[in-house]
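Here you get one chain, nothing else, as structure tokens; it is the form predicted on its own.
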């Protein structure tokens, strides 16, 4: 497997949050790259959940245990507290029923990690000011063929967490592989959050 530095930037940031030996469920796992990396470098045990046939085959070729399922139908196949971490990377914005899915993530996992494109990023705002929906590396689709149904900003997600009684444990914001600390809701293209239910 490729070293951490060649992973997708949000994968590399997420991987830093996962301790050695943890159990992980990766929702919308794609080809299983993140789970393969975590298994190779941190002896993580886990499963991926994916719906696309080609990605299922890629996961199997990567040696990743994967279950073919639609996330919108829930996680009823998993017991309460079955995993240390449940990850939803670059998929939150494409889910139709966000609240129930986040609730399910925290039913089956002790902590949840999500990453998503930040619609508050200055380039996205500029596109909207010009009268067009944003198209970028983080938002690569045109308005008519996008799978994204719930685009949000960092502020939107943090308000969602507050309203849902979720405690944000950590946040990383990135643009082009570089971490953003100053004005993250304006200057950050991708956001990653680690959170749990409020005590």
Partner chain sequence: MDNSVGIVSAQRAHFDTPLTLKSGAVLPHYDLVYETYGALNAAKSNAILICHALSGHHHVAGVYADEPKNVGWWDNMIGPGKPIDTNQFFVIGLNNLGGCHGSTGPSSLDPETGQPYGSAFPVVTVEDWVEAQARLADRLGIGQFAAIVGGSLGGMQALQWSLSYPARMRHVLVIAAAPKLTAQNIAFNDVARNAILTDPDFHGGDYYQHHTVPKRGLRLARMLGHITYLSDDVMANKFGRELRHGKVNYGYEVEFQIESYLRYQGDKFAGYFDANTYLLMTKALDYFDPAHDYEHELNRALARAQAEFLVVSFSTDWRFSPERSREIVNALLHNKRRVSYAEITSAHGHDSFLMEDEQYIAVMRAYLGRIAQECAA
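Positions refer to the first chain, counted from 1. Owing to the predicted nature of the structure, the values given are computational and were not obtained by experimental measurement.
Omitted from view is the form predicted together with its partner chain, to which the following refers.
Although the partner is absent here, residue 100 sits far enough away that none of its heavy atoms falls within 4.5 Å of its partner chain in the predicted bound form.
Within this chain, residue 41 is remote from the site of its partner chain in the predicted bound form, having no heavy atom within 4.5 Å. Residue 167 falls outside the set of residues with a heavy atom inside 4.5 Å of its partner chain in the predicted bound form. For the chain shown alone, residue 45 is a contact residue for its partner chain in the predicted bound form, at least one non-hydrogen atom being within 4.5 angstroms. Between the options 132, 142, 61, 163, the residue in contact with its partner chain in the predicted bound form by a heavy atom within 4.5 angstroms is 61.
The stretch among 26-34, 170-178, 52-60, 133-141 whose residues place heavy atoms within 4.5 Å of its partner chain in the predicted bound form is 52-60. Interface residues of 63-85, taken as those with a heavy atom within 4.5 Å of its partner chain in the predicted bound form (partner not displayed): 63, 64, 65, 66, 67, 68, 69, 77, 78, 79, 82, in sequence order.
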